[in-house]
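Okay, so here's just one chain, in structure tokens, the form predicted alone.
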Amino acid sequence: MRAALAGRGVDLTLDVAEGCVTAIVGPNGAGKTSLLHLVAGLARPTSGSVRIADREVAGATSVPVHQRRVALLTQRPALFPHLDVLANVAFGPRAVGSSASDARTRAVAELEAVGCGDLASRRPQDLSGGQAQRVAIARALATDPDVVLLDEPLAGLDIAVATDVRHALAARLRGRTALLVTHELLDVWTIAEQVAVLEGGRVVESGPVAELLARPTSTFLGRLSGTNLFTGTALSDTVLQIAPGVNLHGLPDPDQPLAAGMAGLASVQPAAVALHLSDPGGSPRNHLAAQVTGIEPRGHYVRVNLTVAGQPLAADLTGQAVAELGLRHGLAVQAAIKATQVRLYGR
């Protein structure tokens, strides 16, 4: 795909390997849903083209939605209320020309594959949220689409139900070409093989999940993976200048080492950040002036959000530490990070 939607400020370039599930992540308004709409045919590009397999479906040639061999699954199952579960899943095969018998056989197989074989005679209104989403997965795959598009399909489910549906989805998408829009890191790890990050209507990085999450180059992906990410210019392979007079010392990444003058990144885990009300003294390395911008209780720990030289930083502390420091929005603090806890690498 190399397509733009001028009215939405979207200009996307993305190649997806056949048989691969690619997670699409990014902040709100980044263009994730627009990407799905371009592929599905719900939006027409103002320039560029969209290809599915060997076919151009948008651009110089425009293929109607119903002829694109695309299935779109959202967080709303949108099952037909007047049909039972079996008829809902059989609807797709029938619509593309299968006989009633073949469509029924395929529907039964798809329902069994997602663990819903015993629900065939129920109506949608008699299903739980998790059951309805499983049925929607079966219906989406019953026509053997060339591409499966998923727009946050687990967002409306509670945690326990989402876990079961996530594993069912991962199993059924294996070996299929799919684009999965999600805000959940667990979805990326569990379901996807590749990940693409959108920001400001552009694809800013893409590649294998494990590789990108280990060395994110976008702030959004860093946050999604639970990693603080600073950008700057290398003064050497072990020092990154993140602002005039503000340097981070760390360990060089052997696979992507820095050299003086290069644009670089520094990754730091939130648990590696200690906060103090004044300069703790000792080694001068990585004692950074910071300001608290937010405090979020997260179960057994508290996430403290800060800014350092105009860049975001998160620190994970105990509730006791937060109380003892008297942390509050706007408070100036010192962030201390051991150089051994900072990894430096090139962009």
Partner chain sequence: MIRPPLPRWLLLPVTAAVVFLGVPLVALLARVPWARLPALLSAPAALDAFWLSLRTCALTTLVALVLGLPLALLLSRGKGRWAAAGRTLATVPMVLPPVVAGLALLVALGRREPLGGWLAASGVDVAFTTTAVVIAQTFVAMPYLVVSVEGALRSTPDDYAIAAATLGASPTTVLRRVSLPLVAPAVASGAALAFARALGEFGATLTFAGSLQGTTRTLPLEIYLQREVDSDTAIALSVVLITIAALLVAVTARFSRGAWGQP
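What you see is a predicted model; the values in this text were computed from it and never measured. Numbering follows the first chain given and starts at 1.
Quick note: we don't show the form predicted together with its partner chain, though the next part is all about it.
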(message) I need to confirm a contact call. Of 263, 95, 186, 277, which residue comes within 4.5 Å of its partner chain in the predicted bound form, counting heavy atoms only?
(response) 95
(message) Please tell me which of 165, 119, 72, 203 lies within 4.5 Å of its partner chain in the predicted bound form, judged by heavy atoms.
(response) 72
(request) May I ask you to state whether residue 272 is within 4.5 Å of its partner chain in the predicted bound form, using heavy atom distances? (result) no
(message) Taking its partner chain as it sits in the predicted bound form, is residue 42 near enough to touch it, meaning that at least one heavy atom pair lies within 4.5 angstroms?
(response) yes
(message) Please determine whether residue 66 contacts its partner chain in the predicted bound form, using a 4.5 Å cut-off between heavy atoms.
(response) yes
(request) Answer with yes or no whether residue 140 is in contact with its partner chain in the predicted bound form, where contact means some heavy atom within 4.5 Å. (result) yes
(request) Go through 151-159, 227-235, 85-93, 189-197 and give me the stretch that gets within 4.5 Å of its partner chain in the predicted bound form, heavy atoms only. (result) 85-93
(request) Taking its partner chain as it sits in the predicted bound form, which residues of 316-330 have a non-hydrogen atom within 4.5 Å of it? Please list them. (result) none
